[in-house]
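One chain comes next, on its own, written out as structure tokens in the form predicted on its own.
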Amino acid sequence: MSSFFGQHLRLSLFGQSHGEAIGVTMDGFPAGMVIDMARVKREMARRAPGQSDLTTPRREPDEPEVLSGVLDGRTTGQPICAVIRNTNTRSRDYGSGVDLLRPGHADYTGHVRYFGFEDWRGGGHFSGRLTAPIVFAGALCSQWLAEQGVDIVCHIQQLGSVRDRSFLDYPPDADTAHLRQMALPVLTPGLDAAMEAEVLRARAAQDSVGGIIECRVTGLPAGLGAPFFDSVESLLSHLMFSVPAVKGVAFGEGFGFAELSGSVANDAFRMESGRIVTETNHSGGVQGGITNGMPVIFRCVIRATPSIAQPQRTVSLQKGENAEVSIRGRHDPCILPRAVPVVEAMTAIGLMELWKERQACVK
């Protein structure tokens, strides 16, 4: 079913945007890890709304309430269940039922898929609000992975017409801790100001703007993943496309491979301090669907937020005729700042699933 993920680390997502609560259940998480709740709350705060003029003014504390799987601050090995109460909903902004279909949203497809019985308020189960429990789960996974020496970090490579450099040509040993402190994390100093201006221009025009988030994972061992259907790319892409705003995923050079000959695209091997490395990383740390020990690098295309105040052409379901809609409510002019921790969380969840699968193969 669509609300479940994983075979070795099993996740179940539940709730709706304007329901009483949203949450997640994690089964298969290792026992004995001390949960750093301060770290978890920092990750939740990065995703939470109402942080600045760059995001929706809807304010939610996003305080996770752990119901099971943790005792005295340590994971027990049993399923971890956490809920997040919805405390600032305004369902009146969405009318009294599904009528004027919002362009770019799942109003029509959800209505057809669930025969008109879907929870339509605020997007229901289709809403980006559901990424809050994903960030909680990802925060636990990233903490466990950090104990294995794995680091996951993202930056905004592009926002509208403003472009940043890539992790592919960024020093692998450069400190990236500052990125987690930035509202608009970028590798090029000062570029965040240009991106902020782009967002504010879109807000002033009652419009929205999208972009690209690039993710880098360091510290992974070679050997995670499998060919074909269980490749690293397959699994991470599966998770990335589960994020409502993601419309494209590319690893390493991605579509840039179309311009590279084999002699350039190939990553030559060499020995370095007793281990095998590649001289370049065009493949993004993955070959044959399996990690090769180099940084895993991929990018996600994030579409512009579909909720905009400008008048748009649509259809009235109740009247069966063409109509016009201007979307009311509190919405992000750009989802990228809040999507960065979501991409990091999804990456952590996927990598932990791959790690546990690898452990299951060891006799």
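A residue's number is simply how far along the shown sequence it sits, counting from 1. All values reported here derive from a predicted model rather than from experimental measurement.
Separately, the form predicted together with another copy of the chain exists; it is not shown, and the next lines address it.
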Inset, instruction - Please run the contact check for residue 181 against another copy of the chain in the predicted bound form: heavy atoms, 4.5 angstroms, yes or no? - result: no
Inset, instruction - Would you please decide whether residue 326 lies within 4.5 angstroms of another copy of the chain in the predicted bound form, comparing each non-hydrogen atom pair? - result: no
Inset, instruction - Tell me, yes or no, whether residue 219 is in contact with another copy of the chain in the predicted bound form, where a contact means a heavy atom of each within 4.5 Å. - result: no
Inset, instruction - Tell me, yes or no, whether residue 45 is in contact with another copy of the chain in the predicted bound form, where a contact means a heavy atom of each within 4.5 Å. - result: no
Legend entry - Candidate spot 250, 263 and 290, all three touching another copy of the chain in the predicted bound form (heavy atom, 4.5 Å): yes
Inset, instruction - Residue by residue through 191-215, tell me which have a non-hydrogen atom within 4.5 angstroms of another copy of the chain in the predicted bound form. - result: 207, 208, 210, 211, 212
